[in-house]
Every structure is written in C-alpha cells, then in structure tokens.
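One chain is shown next in structure tokens, namely the form predicted on its own.
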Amino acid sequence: MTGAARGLGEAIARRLHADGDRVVLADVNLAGVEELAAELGSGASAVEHDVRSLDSWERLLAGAGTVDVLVNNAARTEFGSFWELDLDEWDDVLATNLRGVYLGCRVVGAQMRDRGAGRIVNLASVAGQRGGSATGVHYASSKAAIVALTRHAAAELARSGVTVNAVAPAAIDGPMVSQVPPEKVEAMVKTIPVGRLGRGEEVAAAVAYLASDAAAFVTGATLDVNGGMLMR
C-alpha cells in the first residue's frame, strides 16, 4: 500500500497486517515505513516509492511479486486560496494524488487482470464531493477525479475478477487535521452530525472490507466514512 508511513496509511497498514495480510509499506518517506515495518514484524516490509513515477511502480511490482490487494492512499494535502495557488504546486498535487492512483491501477491492475483476481481500493475524500472544502481546490479536484477513475477502472476490470472501489473519508483525526487551525477544526466538528472527528481505524475497517472476499460483488463503489457530513 502507498503512503503507509503515517496517518490513514499507517492505520490501514496496521489493520491489514492484523488481519493476517502480508503488507508492503510503500512511501517516499523510507525511514517512516522502515520503522513501521520493524514494529509490525513478520509479514511487513518497507520500500521507497514515488507514486508519480511509472518506473517506481514497475520496480515496486517487480519486488513485491504477486499483489492481491492494492491500496492507493498516498496523497499530498495542501491548503490555500483559490486565486493564489502556485501552479507548480497544482501540478504536483495532481501528479501525486491522481496520476499516482492511475499508475497504480494501471500497473498493478494489469497483473491482477492477467491473474484473474485482485482488489484495488483508492482513497478519495469528502473534499472531492462537496464544494467549499477547507482544503485547497487542487486537493479537492484530485479527490473528485479519483471517484471517476475508480468507476472507469472498475468497468475495465470487472470481468477479470478484479474489483476497484474507493473510500471517501472526512475530518479524520490525524496529520491532515493537525494542519488546520483549532478554531476551524471546532467549526468543522459542528458540521458533522455524529458530533466528532473520525478515527483512522474506522477508515481502515472500510478498506479492509473492500479488500476482503466478502466484497466480491462490490465494485465501482465509493464508501463514505464521514460521520454524516455528506448523505446520499
């Protein structure tokens, strides 16, 4: 799984490992995933990986061997004015958040297609589902596009025994929320019907379900984990 060094990626990695999966922890932060792999012990390994790079994806797959589940979690989260975004920042956020997911679906999905089995879970966000997000427009745009990409990939792979789904979290207590000023976090909590921030373990449980055999008839779906911020 990508973006495994901290936050949601770490929580998901811990859950999948606890469920008995062999986990390959991939991140540009090699020291972070090496520390997590050492803590998890047997069945966990760490690799430096840049999701923006096709070569990096091909090296990752060559080293990992057969991949049963791919979790595309790596993302760059940025905030800023709609009118004042640096265009290089825009390009890199889209490259990390969207290009990275596409390359993962393409490279690993092809192996799964040829084998006739697999699960892909992409991390979207409520930021991509509603306007006026507290995040930057580049982050929100990338997460909205992930939902469309997930549906397209699901249609491409459905007859090959491969499912592709997304999980769309919102306001999860962790590194991303820690970048938001406390008064904005307090205001955000007031908009959540359940009255609190989410937990990484709750998102990890949703990912674990979609990665399991129990979800074999679920594909092209986006599972919301948002405390009721968006009901549909």
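Bear in mind the structure is a predicted one, so any value in this text is a computation, not a measurement. Counting begins at 1, following the sequence as shown.
The protein also exists as the form predicted together with a small molecule; that form is not presented, and the subsequent description refers to it.
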Specify the contacting stretch among 81-89, 120-128, 106-114, 156-164, defined as having any heavy atom within 4.5 Å of the small molecule in the model of the complex.
120-128
Would residue 77 sit within 4.5 Å of the small molecule in the model of the complex, counting heavy atoms only?
yes
Should residue 59 be classed as touching the small molecule in the model of the complex when contacts are defined as heavy atoms within 4.5 Å?
no
Residue 150, heavy atom within 4.5 angstroms of the small molecule in the model of the complex
no
Is there a heavy atom of residue 227 no more than 4.5 Å from a heavy atom of the small molecule in the model of the complex?
no
Among the candidate residues 185, 28, 69, 205, which is the single one with a non-hydrogen atom no more than 4.5 Å from the small molecule in the model of the complex?
28
